[in-house]
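Encoded as C-alpha cells, the following chain is the form predicted on its own, with no partner shown.
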Amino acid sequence: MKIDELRRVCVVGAGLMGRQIALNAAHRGFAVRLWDASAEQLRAAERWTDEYIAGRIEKGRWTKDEAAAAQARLGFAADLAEAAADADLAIEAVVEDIAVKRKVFAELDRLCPARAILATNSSTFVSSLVADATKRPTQVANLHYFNPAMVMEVVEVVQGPHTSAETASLLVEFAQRVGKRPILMKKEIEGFIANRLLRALGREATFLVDEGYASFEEVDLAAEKALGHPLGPFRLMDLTGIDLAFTIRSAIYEASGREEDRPPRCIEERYRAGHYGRKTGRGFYRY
C-alpha cells in the first residue's frame, strides 16, 4: 500500500486520546470512524468534538467550511465491525491493559481488510506484545501520539522486530500527512523516547517528595522556573492522569520486580483516593 492509497482510518477507543487522534486525522483529510465499547464514552466524544470545533471557529483557527469538512469526514460507529470494515489503518487507543489490547488486536485482525495496518497508541507497551494476537504481524507497530493529540507535534513510530520496513515507512508518512513530526525508532524499548526521559525526571521528582526533601509545589517550581519546562512533573501528571501514571508504573513494577520501579507513595495515595488530577477536579492540585 502507498500513502496515497491510505484514505480510511479506524480509531478504537473514544477517550481523551482516541477522540483527538480521530479528529486530527479527519481534519487532515482522512475518512475516520471512531468506536468505543462504551456507548456513553462515544457520545461524550461526539459532544466534545462539536464543542472543540465550535471553539476553533470562534477563535478564528478554523473556517466554517474547514470545520464542516472535518465533521463530514468523522463518523461515530455503532460497532467495531462498522468502524473496521473498510479501514486502511486502524489505531488502537484503549486503556493501558495488555489483555484488553490483545483482544482488540485480535478483533481488528478479524474485521479489517487484509491490507490494513494495525497500530497501537500505547505510551508504554511495545507492539510485539500484541502482534502475535494477529495473523499480520508485519503490519503491526506503535504509533504513539502525545496529549493533547490535536496540539502536540511529535509522534513516535516504533518498528518492532516483526514490523516490516514498508509498514514503518507508511506510518511515518501518515504522521506527516496529519501534521505531525514523526520520530522513527528502529528498535523496540518499553516507554520509547519521550516517556523514558520523562520517567527519569518523574522518578527523581517523586523521590524528593516521598523522602521529604521538598514539596511537590517546590519541585514543580524548580522544573518550570529553573529548567524552563512548560509544566512541572506534578502538574503534568495532573493533566495526563494520575490513574494512568499509577497503572503504567504498576505494570513496569510487575514486569521487573525491582523495588525502584514500585509506584511512588505520593502517586499511589492519590490513586487510591480517586484523585486522578484535572479529570476529577483534584490530584496534586485542586481544580
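The term rigid core refers to the maximal set of C-alpha atoms that superpose within 1.5 Å between the two forms. All of these numbers come straight from a predicted model, not from anything done at the bench. Start at 1 and count along the sequence shown; that's the residue number.
Missing here is the form predicted together with a small molecule; even so, the following discussion is about that form.
Chemist: Should residue 100 be counted as a contact of the small molecule in the predicted complex, where contact means heavy atoms within 4.5 Å?
Modeler: The answer is yes: residue 100 has a heavy atom within 4.5 Å of the small molecule.
Chemist: Residue 264 near the small molecule in the predicted complex, any heavy atom under 4.5 Å?
Modeler: No, residue 264 stays farther than 4.5 Å from the small molecule in the predicted complex.
Chemist: Looking in the predicted complex, any heavy atom of residue 169 within 4.5 Å of the small molecule?
Modeler: Heavy-atom contact with the small molecule at 4.5 Å: absent for residue 169.
Chemist: Is there any non-hydrogen atom of residue 145 lying within 4.5 Å of the small molecule in the predicted complex?
Modeler: Yes - in the predicted complex, heavy atoms of residue 145 and the small molecule come within 4.5 Å of each other.
Chemist: Only one of 234, 35, 246, 30 has a non-hydrogen atom within 4.5 angstroms of the small molecule in the predicted complex; which is it?
Modeler: The option sitting close enough to the partner is 35.
Chemist: Between 131, 104, 89, 157, only one gets a heavy atom within 4.5 angstroms of the small molecule in the predicted complex; which residue is that?
Modeler: Of 131, 104, 89, 157, the residue with a heavy atom within 4.5 Å of the small molecule in the predicted complex is 104.
Chemist: Out of 89-97, 182-190, 132-140, 209-217, where are the residues with a heavy atom within 4.5 Å of the small molecule in the predicted complex?
Modeler: Looking at the other structure, the answer is 89-97.
Chemist: Does the distance between the two CA positions of residue 239 reach 2 Å or more between this form and the one not shown, the core being superposed?
Modeler: True for residue 239: a C-alpha shift of 2 Å or more.
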